[in-house]
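A single chain comes next, written as structure tokens; it is the form predicted alone.
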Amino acid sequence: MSVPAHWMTDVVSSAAGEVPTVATSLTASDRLGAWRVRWGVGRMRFRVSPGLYAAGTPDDASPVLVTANYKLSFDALRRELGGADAWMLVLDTQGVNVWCAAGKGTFGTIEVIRRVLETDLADVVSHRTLVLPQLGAPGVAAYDVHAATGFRVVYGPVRAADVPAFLSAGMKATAEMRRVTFTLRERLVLTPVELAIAWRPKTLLALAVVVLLSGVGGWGFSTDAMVRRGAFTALAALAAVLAGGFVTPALLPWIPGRAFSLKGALVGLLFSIAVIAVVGSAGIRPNMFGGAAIVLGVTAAASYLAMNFTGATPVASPSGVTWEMRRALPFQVSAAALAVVAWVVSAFLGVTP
């Protein structure tokens, strides 16, 4: 894939056969692109061309830093290299970040070997050392890379921000550099895409249909019922998304339980009760089945959305996620189905909306 046009200006033109130079400062366009990707817009197209790049004015003794061709990963590294001279070897991870690509196999041994050989790296640098991000270690067999290319692998720090200090210390990482964190700020950065996924066009269309059908009941069709019950339904949907896609990730360490689905269910239950209380204070009081539908629906949706967040965290393993999904999905689907039944029944208990 060619270099995306929206950041082409960051690549300094070079003659054929020369290594292109990239800027180590991000532009407004870069930041806008990152913001869009955080909200799920063009996420899988936010990538750079794999190959060898120069940051600053590196020479044959400058370090070689390996990264993914996901532009957020690429930008995070080059941004931290301001004032430093280094080579950046970008692997083709199909637009996936280092950690996830290592798990998928695209940030792997074969790809490292391929890029070293295709870029003639041995002719560019006089040393034989590759600095790989620590989170890429699960996908790379260092011995095989050395056997095939002659380059030894050194694992750098977890965070790109620590790369300058790591290089200054003779490529030695402190215990802090090796520690994976998942702070409130780091969790909140990941929530926009979760919220955006929950409000995809298909989801909004389905919600619009449900709001329209809210006017149908034992009374026939009533615009007043559609407005009242539809507003109730829309508020419940919003509560479910906020509970599972934002509040649960934000408060993750403090919510009881280990399973993400359980944490989301607990928050969803609280939010469903709050929804009933809010609409009740506005004079909209659902009957028993209507209330049950809200509780079951919000709890199930919040549980599912919270469970979906496992793919964005460093605290869950693939086997653990599979284990949780197998046990949680049947309950989530059953609760959602019961919510639909209860909502339909609630519309036919009386003859007036």
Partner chain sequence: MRYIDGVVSLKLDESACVGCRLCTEVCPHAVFEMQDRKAVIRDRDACMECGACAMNCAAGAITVEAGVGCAAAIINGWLRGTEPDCDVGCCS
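Because the structure is a prediction, the values reported are computed rather than measured. Throughout, rigid core stands for the largest set of C-alpha atoms superposing within 1.5 Å between the two forms. Residue numbers count along the first chain shown, from 1.
The same protein has a further form, the form predicted together with the partner chain, not shown here; the description that follows concerns it.
Visitor: Can you work out whether the partner chain is within 4.5 angstroms of a heavy atom in all three of Ala23, Pro50 and Gly150 in the predicted complex?
Guide: Per the other structure, none of Ala23, Pro50 and Gly150 touch the partner chain.
Visitor: Looking at Val41, Val315, Leu32, Ala61, which is the one with a non-hydrogen atom within 4.5 Å of the partner chain in the predicted complex?
Guide: For this set of options, the contacting one is Val315.
Visitor: Just one of Val210, Leu252, Ala231, Ala196 has a heavy atom within 4.5 angstroms of the partner chain in the predicted complex, so which one?
Guide: Of Val210, Leu252, Ala231, Ala196, the residue with a heavy atom within 4.5 Å of the partner chain in the predicted complex is Leu252.
Visitor: Since the chain is shown here on its own, which stretch among 74 to 82, 259 to 267, 221 to 229, 276 to 284 would lie within 4.5 Å of the partner chain in the predicted complex, judged by heavy atoms?
Guide: This holds for exactly one stretch, 259 to 267.
Visitor: With a 4.5 Å heavy atom cut-off, would you call Met325 a contact of the partner chain in the predicted complex?
Guide: Yes, Met325 is a contact residue.
Visitor: Indicate whether the partner chain has at least one heavy atom within 4.5 Å of a heavy atom of Gly139 in the predicted complex.
Guide: Residue-level check for Gly139: yes, a contact with the partner chain.
Visitor: Is Val216 close enough to the partner chain in the predicted complex to count, meaning some heavy atom within 4.5 Å?
Guide: Because no heavy atom of Val216 falls inside 4.5 Å of the partner chain in the predicted complex, the answer is no.
Visitor: Residue-level contact is defined here as any heavy atom of the residue lying within 4.5 Å of the partner chain in the predicted complex; does Lys104 satisfy this criterion?
Guide: Yes - in the predicted complex, heavy atoms of Lys104 and the partner chain come within 4.5 Å of each other.
Visitor: What residues, if any, in 99 to 137 have a non-hydrogen atom within 4.5 angstroms of the partner chain in the predicted complex?
Guide: Result: Trp99, Cys100, Lys104, Thr109, Gln134, Leu135, Ala137.
Visitor: After a core superposition, would you say Arg327 shifts its C-alpha by at least 2 Å between the shown form and the other one?
Guide: It does shift by 2 Å or more.
Visitor: Under a superposition restricted to the rigid core, does Gly42 display a Cα displacement of 2 angstroms or more between the shown form and the other one?
Guide: No; that C-alpha moves by less than 2 Å between the shown form and the other one.
Visitor: Verify the C-alpha shift of Pro318 between the shown form and the other one: is it 2 Å or more after superposing the core?
Guide: True for Pro318: a C-alpha shift of 2 Å or more.
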